[in-house]
Structure formats: structure tokens, C-alpha cells
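Just the one chain here, the form predicted alone, laid out as C-alpha cells.
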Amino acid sequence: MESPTTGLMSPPSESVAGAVTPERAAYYERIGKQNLAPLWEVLRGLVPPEPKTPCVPALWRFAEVKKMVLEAGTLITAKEAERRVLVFENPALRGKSRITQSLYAGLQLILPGEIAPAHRHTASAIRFVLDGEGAYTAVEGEKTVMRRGDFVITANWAPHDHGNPSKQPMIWLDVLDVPTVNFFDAAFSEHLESEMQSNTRESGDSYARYGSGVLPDGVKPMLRSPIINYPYTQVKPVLERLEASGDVDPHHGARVRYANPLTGGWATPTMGANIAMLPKGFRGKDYRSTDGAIFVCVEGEGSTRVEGETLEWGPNDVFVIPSWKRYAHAAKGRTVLFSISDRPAQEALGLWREQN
């Protein structure tokens, strides 16, 4: 608590050994004037025995949120907003534009005929398409047409713009590592000179080049995937094969990850995405890990039990499971769940843990 007279942080009311003695309180006051603080009074909070996230589980029902997203389209244009997005704020982190401690997420709307101007930034981004088809994202010279269930990558510092030449609104989930980049004070951004970048490659070019089991001769490994769009029409048959052959994890279902074909690692270095098929009647075993995860129901319906709380979800609903919270999925009919988290960043730092 800040002292009303000095503006410095008041000494804690209780110490590790009990009540703060007058001598200690006086000492804390003196060192506070030198911008010093006693570690022993805060050590338990700084180095807890296990993760203690401030985040809470939360669910956003698409049927309700879609109305609000479309209403935004009547109030502000894509050009005015630069990116017309309603941000998913974790209920315990209101005002911080975060769905977890490390990730930003929101629903972006682009109406027929609109263009979201070209820009770039140090934060990496992904798009997971929820509603509509025919809009595009142009990334580094490739204009990729998006359809429901597609997973689209905008890499760190990659120029990108969006447009919608179709006759229907398009809504997708944005997830960015903005809080992580800002934590390191490493954020840059800039606008391109023109609203639309010049595109030299047709839609699907990067997937055709890198996603078919062969690679262009001489290509060198990169930290992130060279594929711009992982089409759902290509991914779903893989899930169906896994389910049919019985390759079903007891916690996650028949699950695959979006991979970087040049390294076999995650598609981006800071965010890792999976998609899973849960067979009809699936009852997952309890699981927890240190990466707080964002989930989207692509098909079907079910529920997730999180530390005694149950989240009921259906198509396009978005929900978040915080770090180190024990959860288990259950599916009614055959169900598909997309998920994304900061697992690659945690793995790179040697921090990631799981517990089955």
C-alpha cells in the first residue's frame, strides 16, 4: 500500500515471521526512500510452489457475441478502426486486453467491400476463421482466400492486409502474442504506404510448396512456418483417419498440431496451435499444463470441467483454460476443438510442464 504522506510503498503489515516489528517497519521506511525493498517479505509470492495465475476460466458464446461484432460494423469502418475487433478480456484481467497473461485474442469483422489497411508489427498473429468465407488475408505477397476452420499465420513483422470481396460478412478469431512482446518492451509497428500490398503469389501457393511432403530445393529452416494458410479441408481428413484407427489420446482426443514443415516444430515460435477430434461420447481424463489455452469449438458440442466449474460449449464458442488448472473435455456427438497457447515460448525457455 502506498503511504499517503511519502508516496513510497508502506511496509507490509505482516512479515514472514509474523507481525512487523517497529524496528523493521522503520528500516523498511528508510530503505524505501532509496527504492529498495526486502525480498523476504515478498519471496513467497515471487517464487510460489506452483503456478498461481490471476486468470480465470471463461466462455464466450458466439451466438451472443456475433450480434455485438456485427453491431460494431454499423458504428465504425474497417479503415477507421484499422482492425475492427472486439477483444476477449479475461474477467480477472479487465482493461488489459488479455485473455491469458501472455496472449491477446479477439473477434475481427470485415464487411463486404471493405479493406483493412496493410501494416506490420513485431507481434505474431494467427487467424482462425469462424463465420463466412471469401474474404482474404494477404501476407508477404500471398493473397490467401479464407474459409471456415482455416488456420492462417501472420508471422512477426510480416506485412499483411485483409479484404472482403464476397457478399457476406466475415468473422475470425485473432490471437496475438502482444502481451509477451510488450513484456520484453520489444514492440514495433508501421503502416505500409498503400492500403493493399502487391501480391505475387496466388492463394494456396505456400501450402502447395511446403505442405505436401516435399520442399523446394535449397530452402533453409526458419523459426516460423512458411505456410500462410492451413486449410481445414486438408486438416479434417487427418483427424478422421486418426479417429478411425483408434489413435485417440485419453485427454485430448485424436489431436494434431500445426507444424513448421521445415523443422517439424511449432508453426510459430511463441504460439502453438492444435486441433482435435473428440469421438462421440468422449470423456476425457483430467489434465493440466502450464500453458493457458484458448479453445474454439469448430464442430459438435460438449463441455469442459475446470476445477469444479463446467463450461458448456457449441459451434464457434470460445473458451479459455488458465495455466495449471485441471480440466477434462466431454463430447456429445463427434466434435472438433481448436486450441492455441504459449507452449512453444515456454518450451524454448525450459518452463513448460504438464500433469496427466
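The first residue of the shown sequence is 1; numbering continues from there. Here the structure is a predicted model, which is why all the values come from computation and not from measurement.
Heads up, the form predicted together with a small molecule isn't pictured, but that's what we're talking about next.
Participant: Would you point out which of 247-255, 279-287, 103-111, 70-78 contains residues with a non-hydrogen atom within 4.5 Å of the small molecule in the model of the complex?
Facilitator: It is 103-111 that comes within 4.5 Å of the partner.
Participant: Would you confirm whether the three residues Ile321, Arg343 and Arg353 all fall within 4.5 Å of the small molecule in the model of the complex, going by non-hydrogen atoms?
Facilitator: Result no, not one residue of the spot touches the small molecule.
Participant: Would you classify Leu176 as touching the small molecule in the model of the complex, given a 4.5 Å non-hydrogen atom cut-off?
Facilitator: Output for Leu176 is yes: heavy atoms within 4.5 Å of the small molecule.
Participant: Is Arg98 one of the residues lying within 4.5 Å of the small molecule in the model of the complex, judged by heavy atom distances?
Facilitator: Arg98: no contact with the small molecule in the model of the complex.
Participant: Quick one: does Arg83 come within 4.5 Å of the small molecule in the model of the complex, counting heavy atoms only?
Facilitator: Close contact exists here: in the model of the complex, Arg83 approaches the small molecule to within 4.5 Å, heavy atoms only.
Participant: Although the partner isn't part of this model, could you tell me whether His119 comes within 4.5 Å of the small molecule in the model of the complex, counting any heavy atom of the residue?
Facilitator: Contact with the small molecule, yes.
Participant: Can you pick the one in Arg148, Arg127, Arg224, Lys143 that has a heavy atom within 4.5 Å of the small molecule in the model of the complex?
Facilitator: Contact check passes for Arg127.
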